[in-house]
Each structure stands twice: as structure tokens, then as C-alpha cells.
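The chain below stands alone and is given as C-alpha cells, in the form predicted on its own.
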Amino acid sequence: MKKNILIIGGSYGIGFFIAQSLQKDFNIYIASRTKGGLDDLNTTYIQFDAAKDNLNLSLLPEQIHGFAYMPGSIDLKPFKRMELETFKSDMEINFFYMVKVVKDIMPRMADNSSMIFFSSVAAGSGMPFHTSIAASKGAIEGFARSMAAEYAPKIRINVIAPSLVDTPLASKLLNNDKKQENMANRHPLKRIGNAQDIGNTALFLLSDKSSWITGQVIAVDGGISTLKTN
């Protein structure tokens, strides 16, 4: 019997790559605001806006074996230009809406299941202009570790912490060749990440190959968080 995977926000980017990779071997449920390219995939689509909607549990299976929460934000400004509302908005998108979904689906998480959340390299490495995003992503990391301890050994809970990834969410930061070159050169591996780089780590964490990994924050960041090569 195929296992069931629920992805929140999987209609493009990293979530889409995960769905595309797993569709043959798993029952994939995608809950997102837009359908994107999902018509071409063998998935079950659920119209869902994390900011406004409660997840319709009647459209989900009784057991969920894998879960990934994809929605996020990138708002980079000097702290002096940040309003309190920016911090509240980033915390809602990245953390509070995630907690709301997790509360709803937790009773359906199966034994030996896996949950994945997404942080940012900025939560563990101090970077200018990242105060708001780093704060909200840091909340995810602390939450995930505590949840991993609370739900072990039934559920594995891990976090992926990427650096900049070439997805629609980061389009404003990569909208010309000069920006792309500068961003690539900041990383020891001299390129920007792509959906496959992050998605392949997610596939591993959702699989039984990661059955002895929980409570971890895994950096997939081209080496920027740990290496100095310039």
C-alpha cells in the first residue's frame, strides 16, 4: 500500500520538485493557494491559503506518513527601516500558520512518519538585513527540536536550512545577471542553489533512509554557513 505525503505549498519551486519526484511511489496531497503545474502530476490538489483557511481534513487520508510545510517569505531590509508589522507578518507566514496546520494534522501522523520544516541559513549565521526572517526562521528551529523530542520515537521531525535558492520566492533578489553573479560568488561552491538541491535533501528526510535522524537542522547552503574561502 502506498504511503501518503502531504505538502503545504507544493505548486511550484521546491515543493513541486518533491511532488514530482514522489508521485509514482506515494499518494501525494498538495494544499496550496494556486494549482500551478500540478495538472501534469499525479497528485490530489486541495485549495488552501494558510493565512485564511482551515485545512479541510475530510479531503485527507486517515494516516499521513510524510509532511512538508513550504510557505515562507523573504523581506530583506535594514533594521531601521523595518516596521513592527514586518516582523509580525514574517512570523505569521513562516511560523504561526505552520503551527496551525501542524496542530490540525498531528493526530493523523502515522508511526515512523516524517515531518520537514524549512528555516534559513540566516537563522544560524548572523547576516545584515535579515533580522525579521532570521527571527521567524529561528522560531521554526526551536519548535522543531522541541517537537522532535516530544514525539520521538513515533515521528521524526527535521529542518532544512537553505541559503538563497533560485525559486519564484527569491526572484527579486536574482532578477538580473549581476545580482546572480554576486550571490553565486558569496558561496564557497560559487553558485546559487536550485529546487533540486533542497528537494533532494527533503526526499531523503521523507524516506526510510533517514530513519535514525530527528531533531536536526540540516544546512543545504553551498557552504556559506561554515566555510570562508574569500
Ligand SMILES: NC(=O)c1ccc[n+]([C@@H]2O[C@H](COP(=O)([O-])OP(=O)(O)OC[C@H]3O[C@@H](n4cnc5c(N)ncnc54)[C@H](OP(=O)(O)O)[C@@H]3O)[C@@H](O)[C@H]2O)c1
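In case it trips you up, residue 1 is the first one in the sequence shown, and so on. None of the values given here were measured: they were computed from a predicted structure.
Another form exists, predicted in complex with the named molecule; not displayed. Remarks below refer to it.
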Please state whether all three residues 34, 70 and 120 have a non-hydrogen atom within 4.5 angstroms of the named molecule in the model of the complex.
yes
Quick one: from 74, 99, 127, 91, grab the residue that has a heavy atom within 4.5 Å of the named molecule in the model of the complex.
74
Region of this chain that lies against the named molecule in the model of the complex, out of 141-149, 107-115, 155-163, 83-91 [heavy atom, 4.5 Å]:
155-163
Taking the named molecule as it sits in the model of the complex, is residue 167 in contact with it (heavy atom to heavy atom, 4.5 Å or less)?
yes
Does any heavy atom of residue 214 come within 4.5 Å of a heavy atom of the named molecule in the model of the complex?
no
Report whether the minimum heavy atom distance between residue 222 and the named molecule in the model of the complex is within 4.5 Å.
no
Examine residue 51 and determine whether its closest non-hydrogen atom to the named molecule in the model of the complex is within 4.5 angstroms.
yes
